[in-house]
Each structure stands twice: as structure tokens, then as C-alpha cells.
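Just one chain follows, in the form predicted alone, and it is written as C-alpha cells.
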């Protein structure tokens, strides 16, 4: 199931507090603060239930004092009686605490900034005033029966001695845990290990860590904190949050399991939960998002696909089903014959071995711009290659084609074809680029040709889908017979032209067989 580096175990060892590590999810609070996300009350309840089913220990479901709607939503989530502890954020002011009390939640996460930068320019308070406010707020919350987690906002830019003073004071005031936020994502893992180690030496309550991803180190810093004794990991699903986001729940949970042997959430529910949150928030996941991104378990390179088909762990750190996601073997310009043959076998398609080079050439031509070819499109290409085999040698060849079209412009096409060694050039107009092109080809080959039927379909229905064109033409050789041609491709005009040429050559092949 796992194929991580053996050096990890040698370097990390085991965690003495492995059974005490908890997931504090803040998708509904810090995650919602991501620019572009605005959740309704129903949305937040739906996500809360999904996170609870996933198995988070604590969910910061909102900021009660921010609005009446937020407070009412928190009440709704509390009323659902989830297994997870429901928490609300609160500034270190009594009115914020009162708002949390009114929701019925039992847990409050309160904070005040402790860095010189914040105290001087944002709070305009002295260190003594900040410490006093922190203690007063914790005591007030405890007097009203709330469990308290206290944060020193901007902790990683705070004076360590002052931060210790504040944390010790709120611990004495009744805080059950303290949190170290890397508010603007500026610390490195070695620095985080140092800070958490220093705090762990003097505190008796559990330490949480809240890491932002401004410099791409949120998950690494969270794991470094755990290694130094932190017990509570603040995370968001898919890493959404302010600016560049927070430590991603799925990445932290999978790393804790794979490299430290710590089981937190139900890993198999990660994929479905991530997809649901993506739909509800409308916040798209990057294709290369670790664990849950579209490309996390997608393989296109022929070498990689060959290895994965033999043993998936050759190019995967763990099997995708562990995290509730799917593997995709992608057919594209980097695909090798082995992966294409394997996919055709899975689709129960028998394809002639001797025609595989032609099939691969067609696939690479269509996929050259980065197009990924799905199963329906692959089958259309296979059908086209087999269809072309029946035509045999081309008696009529398209040497060149030019089409002019646009708004307010009569579509015009000029073609040059070679018919049994004779070069012919013709120009025609039409009601559109396809009509003009097909008329020009017909005129060049035989002006008696008529288009009896034209069918165009997007194989998968997407705007970037491969299109499939079928044409039926009559009187290619003035004998009253009809011929059918097919083609697949990305460009509608070119594919229509290819289908026309296929029909013409098919008719010539028919006549040759009868001679």
C-alpha cells in the first residue's frame, strides 16, 4: 500500500505523542476567507457534516462575531450534534466571546497579536496591555464554561521570550491549549522545530500550529512542529484559505500516516470530501494538487505507464484508493504503444498489431497540443484507422487547401488535388468554411459529385473534444454510386475535408475491386 523512502524512517524515528495528535480543521473559517469563496449557511452546514464524517477532531466552523448570519449558522452546526468539537474564532474582546456563548458551542479559539509589528501598527497596544487582554479574555471565556485555545497571532515574528510569557499566563488562566500561527507563512521547518521545542519545554498544555502557505512551506512546517511536540494541526481541506492558503488537510493526514504511522482522519474519504468541497466552494483544485488533484495519479509517459501496469508503486508513493481517489492512465502525446495496447485490451478491442504504428501516429498528431484522449475518442481514432485500411492506396490526393472565412466575409476555399497523377486546382465559395472546402474538392475531382449526407459530432461533447465527421457523396466517377467517408480530428474544417477525401478514395477503391 505504501512505497515511501526508507530513509524517512531512519531520519524520523517514532513520535512519542502519536496517539495524541489531532486535526483542527478551519475550512469553514480560514478556508472561507479565501478570495472568491462566499458560502451560504446551507453550504457551511453541508461541509461541516462532510468534515465530521471525514473524522476531524475539531472544526472551526466560523467567526461568530462577524455577522448575525455567521452566528446563526454556527448554531445550526452545533444543533447537528457532530462527533467533532465545534469551535468559533474570537478576538480578545468580551463581545466576541459573548457571540460564541450565544451559539451554544463549547469551544472557543481566541487570539491577539504578539509581534512588535502588529502591536505597534495594528493594535497600538503595549506588550503589557496585550498580555493583560489575553489573560482577561481567557478568564472570561472559562467563567462561562468554554474550553479555550489561545493564539499568539503572528507568532513566528514575535519575540520568543514575550510569547512564552503570554502563553504561560493564558495557561494559568485556564486555556486548555495554545496555538502558534505562522500568520504570513514566513518560517522554515528548522525554525518551526526550534520554536515549538522551546515552547514545549515550558508549557504543560498541548500546542497547536497554524501554518500559512505564502512561501510553500505550510505542510512542511506543520510536520516539523509535530516532530517537536505539537499535538494539534490546524488545516483546511485542499489548503484553501487567506492569500495562498493553509496547510492542506489531505497532505498533512497522508504524511502523518505514511511517514509517522499516525492515523488521523478516515483517509479513504479524503477524495470524495475534497471533490464535494471543490463543487460547493467553486474553488478549483490545481491539476497538480498533491493527493487529490486531477493529475495526482495520472500517468501518460509510456515508461511510467508501463511500470504502473506492472506494479503501480513503481511510480506512486501509495495506492490512490488509500485516499479515495482514482488512477488515470492518460492517452496523449507522451503515451507509448504499450499503454495504448493495454487500454485497448481493457476496452476489449482487438487491434491488428501491424497497424499499431499508424494508430500511434494518429494519436500523437491529435494530441500534439496537449490534448488528452479519453476512451470514446480513442475508439473513434481506432475506427478511423481501421476505416482507412479498407481504402488502400489513395488515387486522389489533397495537395493543399486554403480557406478564407470570417464575419461579413463570404467563405472561399482554394484546393489543389492530384487525381491519378493529374494536378487540379479549383476555388469555390460556400455558406461557411466547411461548405466552401467540400465544394472546391468536389469541383476539382468531378463536378458531378453531390453531397448526400453530412454528420458532425463532438465525441465527448466538450469544446476541445475530438470531432467525428461522416459524409456520403454520390457520383464520384459519374456512375450513380454513393460512397461514405469518415474522419476524426480536432479541427472541424480539416476533419470534414479528410472525411470527404476518404469517401472519394473509398469509391475509387470500390471501382478498382470490380475491375
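Positions refer to the first chain, counted from 1. This one's a predicted model, so the numbers in the text were calculated from it and none came from an experiment.
The following text describes the form predicted together with ligand KIV, which does not appear among the structures shown.
Engineer: Find the only residue in 411, 255, 179, 156 having a heavy atom within 4.5 Å of ligand KIV in the predicted bound form.
Structural biologist: It is 179.
Engineer: By the heavy atom within 4.5 Å rule, which residue out of 166, 84, 267, 89 makes contact with ligand KIV in the predicted bound form?
Structural biologist: Of the candidates 166, 84, 267, 89, 89 is the one lying within 4.5 Å of ligand KIV in the predicted bound form.
Engineer: Considering ligand KIV in the predicted bound form, find the one stretch among 67-75, 222-230, 426-434, 180-188 with heavy atoms no farther than 4.5 Å from it.
Structural biologist: This holds for exactly one stretch, 180-188.
Engineer: Can any non-hydrogen atom of residue 111 be found within 4.5 angstroms of ligand KIV in the predicted bound form?
Structural biologist: Yes, contact at 4.5 Å.
Engineer: Residue 151 near ligand KIV in the predicted bound form, any heavy atom under 4.5 Å?
Structural biologist: Yes, contact at 4.5 Å.
Engineer: May I ask you to state whether residue 486 is within 4.5 Å of ligand KIV in the predicted bound form, using heavy atom distances?
Structural biologist: Close contact is absent here: in the predicted bound form, residue 486 is far from ligand KIV, nothing within 4.5 Å, heavy atoms only.
Engineer: Taking ligand KIV as it sits in the predicted bound form, is residue 30 near enough to touch it, meaning that at least one heavy atom pair lies within 4.5 angstroms?
Structural biologist: Yes.
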